[in-house]
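In structure tokens, one chain follows: the form predicted alone.
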């Protein structure tokens, strides 16, 4: 038999959930049977009930984010609090919808932690400019920064959203990608429910997840979901109308989502193989996170916080004045200049930190921890050789860029 019996049974199960097979439209919110499985996954994870009627399946988490922002933003006077550095989906979508991005800066010296006082300052400044701040985005674990928010930090954020009457958008797509034991992933919903009334009854929360990350990595399938908490029925109806514009999310990706949230169980034929492969992937990613962090920190003028979660390292590159001057002469942003030189010299492709936002005069790059584990030492050796030669070439021992 080509496929084990439990795999065939699962395929039969998911076909039974579709009214017309994979080629037919589903409900605009997604297949009811898969939404029920997502709700059961959330209940197992958090220990609190989840309502399938408040779960919408989407073409990747990005499409869900865009749907929600489309419902929140009415015009340029509406602001969204977004972390900096941030995943460019948020700045691009807010711009596309005609809203206003209200930045709040993560603290690199505190392992990219979030300071609620900084949030208050950002909101006050936005309001002084006539902007109505309506929602706040958190990315946990962080992209591009790789930090995991602590339970205490999440409580502060939820209390802040309660006091400021903000919708919290919890981008939690990397929740399976955790590479340390001190700060495990905990969902915004669980913390909210643990806080009890009035917070658990009043803070409006939208949580996002996807099949693109974790140990699945099926980013081309475009499968995701969002769950709404404390949204009144009339608002849910309006969001349903927005979702209906696109008719139906990708049906095959909905099935991928069902498989992700309802994996093989003890006693299933495929369980041992599933456990072995998924554990092996995450353990390898943890080792790669350590190799990359240690590699960056061994380089001249490079400082890198450990990648606690997600799939990225975001080292700070302390560029010497000679490099800043050379970048200016080349008509390039300094970190773009550095990353292009890196690419030309080594073939290593990275993303300049300026693409994610950063403090003035501070420069970074983002790279993934996804290269094959056996290739990582050679990659980091190549990076170190380039970087240290670059620093020597442009070093005049005065006035480094730094945080």
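This structure is a prediction, so every number in the text was calculated from the model and none was measured. Residue numbers count along the first chain shown, from 1.
Keep in mind that the form predicted together with another copy of the chain is not shown, yet the notes after this line are about it.
Proximity to another copy of the chain in the model of the complex, taken as a non-hydrogen atom within 4.5 angstroms, holds for one residue of 249, 142, 85, 258, which is 249. Note on contacts: among 369, 66, 42, 55, the single residue with a heavy atom within 4.5 Å of another copy of the chain in the model of the complex is 66. Another copy of the chain in the model of the complex is approached by residue 212, whose closest heavy atom lies within 4.5 angstroms of it. Not displayed here, another copy of the chain is approached by residue 93 to within 4.5 Å at the level of heavy atoms in the model of the complex. For residue 9, no non-hydrogen atom is located within 4.5 Å of another copy of the chain in the model of the complex, even though that partner is not displayed.
Proximity of residue 37 to another copy of the chain in the model of the complex falls outside the 4.5 Å heavy atom cutoff. Stretch 55-63 is the answer when you ask which of 55-63, 29-37, 352-360, 338-346 has residues with heavy atoms within 4.5 Å of another copy of the chain in the model of the complex. Judged against another copy of the chain in the model of the complex with a 4.5 angstroms heavy atom cut-off, the residues 172, 198 and 235 are out of contact without exception. Contacts between stretch 194-223 and another copy of the chain, counted in the model of the complex as any heavy atom lying within 4.5 Å, involve 212, 213, 217, 218, 219, 220, 221, 222, listed in sequence order.
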